[in-house]
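Shown below, as structure tokens, is a lone chain in the form predicted alone; questions about how it binds or moves come after it.
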Amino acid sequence: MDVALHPDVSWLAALIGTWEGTGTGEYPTIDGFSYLESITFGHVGKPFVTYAQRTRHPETGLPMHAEMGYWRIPGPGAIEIVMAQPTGLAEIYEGAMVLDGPTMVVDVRSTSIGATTSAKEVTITERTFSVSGDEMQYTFRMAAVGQPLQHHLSARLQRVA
């Protein structure tokens, strides 16, 4: 059964589907790395869009990271994202979504980061997504383990048919 996208999240229609590609990561406390990534945005007709992300090692194919969450539009130009990670972190983001011709840009900053007692310390996270047609790019910045806010991840993905 095909369910219509809820009108409150119609601005996010361009995200619906699966995106795959490659990314790189770096941080002062780790060695640089590359990864393969898949992100799927879906919906069930409610006022949110689902988000599921998985990465794997480009040579071995072994899993590296995963996230699950929900994207919401509380008002024109605003966006809220709730994410959970198996590393023991739960993040709440708020920010802006701008349509610039054929390009959608989502820029968010964490307003709250919850952590289990065994999770690494993360104090601030920021994400910027840019979608134009069938191409998505993103960057992820964080302040963690005593380091100031700085670049951590970037990726380029293509929509999968």
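Just count from 1 along the sequence shown to find any residue number. Please read these numbers as outputs of a predicted model, since none were measured by experiment.
As for the form predicted in complex with another copy of the chain, it is not shown, yet the points below apply to it.
- When contacts are defined as a non-hydrogen atom within 4.5 Å, all of Tyr51, Glu80 and Gln85 contact another copy of the chain in the predicted complex.
- Of the residues Ile30, Ile124, Val98, Ala119, just one reaches another copy of the chain in the predicted complex with a heavy atom at 4.5 Å or closer; this is Ala119.
- With the partner left out here, another copy of the chain still marks one of 131-139, 39-47, 101-109, 22-30 in the predicted complex; by a 4.5 Å heavy atom cut-off that stretch is 39-47.
- Under a 4.5 angstroms non-hydrogen atom cutoff, another copy of the chain in the predicted complex has Tyr70 among its neighbouring residues.
- Residue contact with another copy of the chain in the predicted complex: Pro63 places a heavy atom within 4.5 Å of it.
- Another copy of the chain in the predicted complex comes within 4.5 Å of no heavy atom belonging to Pro58.
- Shown without its partner, the chain has Ala90, Glu91, Ile92, Glu94, Ser112, Gly114, Ala115, Thr116, Thr117, Ser118 in segment 90-118 as residues with a non-hydrogen atom within 4.5 angstroms of another copy of the chain in the predicted complex.
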